[in-house]
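Below you will find one chain, with nothing else, as structure tokens; this is the form predicted alone, and questions on how it binds or moves follow later.
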């Protein structure tokens, strides 16, 4: 196996595949500036399932891939999601994960579990109906909560992702921790990222730091920090009640130093780092191993040594 490594001995062990830039939510941290976002179908995906599988197969010959995470936009809008997962499983990918808003997930949970889905991160930015609407611009909180229960029922490990925005949903930190803890699932609170609209607008207005999140949690809980796993985006803590929560603190506690993630978009381009915001085309040259290696090395060279610098790219385009 060829190993594509940089000067810090980093390589790519996790591949995030953005299946589509379509989404049926309009979350303000992702598409701020649009009052209403239309539901979009996933017909804009450029690569077919066979093309995606071929791309992964070629990358797998050059990289020590351990995990594939399917993202979007919203991956459940990708019409051949189940066949794609089945193909990845047959390829020998044992750790298949997904990030979803949960809206369509309940009815798909059993099929996705059978196809090989092991873990899903479900975006849940509020447990209060009104706050949920303010963030997602959708009214169907019950559908997301049902998706959580159905995934657990079918043996899919669930984590919750919550982007905390000052003055908008910071009131939900404790309610969400109680909700997750009572179900023995982890919730991860995310600092707002300087992406898309927030790269140049209103970031400081809505930014809620890791320290503020911890101070809020300390109002009701005593907790201890757990050891961080190399390459992880989250730091984790455990409360005395056994509730586990994480914080993805892109600003406060940067984790670029041991990042091992590679992103593949629906057009066959890879991104080594969102800070660089540079697409490196790979699908068209899969037949040329030497050129593919050089392009992967280029993508790897885009990684930051310490901290994410921000990007004009919207999260909906590449899965965050």
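This one's a predicted model, so the numbers in the text were calculated from it and none came from an experiment. Residue numbers count along the first chain shown, from 1.
What follows is about the form predicted in complex with a small molecule, which we do not show.
Interface membership of residue 271, defined by any non-hydrogen atom within 4.5 Å of the small molecule in the predicted bound form, is ruled out. Using a 4.5 Å cutoff between non-hydrogen atoms, residue 112 does not count as a contact of the small molecule in the predicted bound form. Although the partner is absent from this view, residue 210 stays clear of the small molecule in the predicted bound form, with no non-hydrogen atom inside 4.5 angstroms. Although the partner is absent here, residue 86 sits far enough away that none of its heavy atoms falls within 4.5 Å of the small molecule in the predicted bound form.
Only one segment in the set 173-181, 224-232, 94-102, 142-150 has any non-hydrogen atom within 4.5 angstroms of the small molecule in the predicted bound form, and it is 94-102.
With the partner omitted from this view, the residue of 117, 187, 190, 81 that lies near the small molecule in the predicted bound form is 190 [heavy atom within 4.5 Å]. Among the residues 68, 30, 264, 52, the one placing a heavy atom within 4.5 Å of the small molecule in the predicted bound form is 30.
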